[in-house]
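Let's start with one chain on its own, the form predicted on its own, as structure tokens.
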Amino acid sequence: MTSFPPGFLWGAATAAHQVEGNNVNSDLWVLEHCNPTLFEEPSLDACDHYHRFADDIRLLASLGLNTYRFSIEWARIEPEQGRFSVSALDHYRRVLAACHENGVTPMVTFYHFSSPRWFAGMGGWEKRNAGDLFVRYCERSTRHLGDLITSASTFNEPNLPMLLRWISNVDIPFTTVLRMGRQASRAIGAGQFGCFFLGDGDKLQNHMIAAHHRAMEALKSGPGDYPVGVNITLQDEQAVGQNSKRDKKCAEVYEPWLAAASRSDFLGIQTYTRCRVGKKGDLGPEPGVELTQMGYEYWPDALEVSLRYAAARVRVPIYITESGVATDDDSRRIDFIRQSLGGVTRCLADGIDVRGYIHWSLLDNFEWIYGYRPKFGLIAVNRETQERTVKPSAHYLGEIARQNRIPDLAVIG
């Protein structure tokens, strides 16, 4: 049996737009309802987590997990520029209280891809004053919530736009993007529409790194005393052949945010797969390998590689803030967890400061442009009734969490 350090965090994650439902003031809600749109379907009620959060958190705790990572929604808290909703802030205070009542550590993400539609209508993160607006939101939110927060991240995967430049297995029709953007601008009466997913990676990166450091200061100036970090996406980048562009890719996609994390209280890493990089860029999945519902390789070994890559570049504690697999075969999810955690134990044995494993995701939810088809959840959600059904993988991970070790045979209920 392999044990984990005392106090190791075991949990599952969600994001507000993907689970709460009816996030009507967000930019993504606008884009989902454009015609044409990149989204396979709209989010609509999602998992109705906005109303069912107390039951969902109790269910998470009953499984043996001790941590819940979730995001608060800027579009709900500041639905109009400069107008803050005390009702929305009170809602997230109740979510935080439910975590504490159930002995669950809340990890709060302040920005998980979705923005207020008014922010997008101003050009989003590409505008120079974007950071000022985000910091103001962080200041107002932590003033209301900070005494109940245990850990906070400013951004979720802010390096994703840079990564999307390299991904070859996602075919996004440029004409649809242009038409969708124009229609979104008309829908909100704006001259432009700036969405995080579709923005200029260089501008977003520069503005968001600066905003991260300022937001850290803002969060720490409010009530409470909690660490603040940032969660970035990492892949197992593998060079293929001579003159591979892997190092160039890593320098563009990962290194700037790893440098930012090194000046933070912790780094969250989010890893799902490997990527093969040749002399012209990404090569896509290797022929014949197992693919997930997202179209990338089933590759649990990526987590260990990503941990070692990050640990060689930062000297702050590392949390695995997302790791998981999109599959309808829950036995493959169990195997993915088992193999991924095997890599974590090897990193711990080598002295890498890993503090927790947060699975993506708690619920089968809205997976952005792919809609509800990919199944990442430990818990299934009936789209008609909102009934929750716990999967064997949830019991598997929960038993590991209860014992704080990987048994030879984890109990699967």
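The structure displayed is predicted, hence computed values, not measured ones. Residue indices: 1-based, along the sequence shown.
One more form of this protein should be noted, the form predicted together with D-gluconic acid (GCO), which is absent from this view; the next part is about it.
- [ ] Taking 4.5 Å between heavy atoms as the contact cutoff, choose which of W166, F113, Y226, Y137 touches D-gluconic acid (GCO) in the model of the complex.
- [x] Selected option: F113.
- [ ] Taking 4.5 Å between heavy atoms as the contact cutoff, choose which of F336, F84, Y296, Y309 touches D-gluconic acid (GCO) in the model of the complex.
- [x] It is Y296.
Open item on the list: Using a 4.5 angstroms cut-off on non-hydrogen atoms, would E157 count as touching D-gluconic acid (GCO) in the model of the complex?
Closed with: Flag for E157 set to yes.
TODO: Tell me, yes or no, whether E73 is in contact with D-gluconic acid (GCO) in the model of the complex, where a contact means a heavy atom of each within 4.5 Å.
DONE: E73: no, not in contact with D-gluconic acid (GCO) in the model of the complex.
Open item on the list: If we define contact as a non-hydrogen atom of the residue within 4.5 angstroms of the partner, is F119 a contact of D-gluconic acid (GCO) in the model of the complex?
Closed with: No, no contact at 4.5 Å.
- [ ] Indicate whether D-gluconic acid (GCO) has at least one heavy atom within 4.5 Å of a heavy atom of W125 in the model of the complex.
- [x] Contact check for W125: no, nothing within 4.5 Å of D-gluconic acid (GCO) in the model of the complex.
- [ ] Report the stretch among 378-386, 34-42, 55-63, 362-370 that approaches D-gluconic acid (GCO) in the model of the complex to within 4.5 Å, counting heavy atoms only.
- [x] Answer to the contact question: 362-370.
TODO: Heavy atoms within 4.5 Å of D-gluconic acid (GCO) in the model of the complex is the criterion; list the residues of 260-277 that meet it.
DONE: The stretch touches the partner through Q270, Y272.
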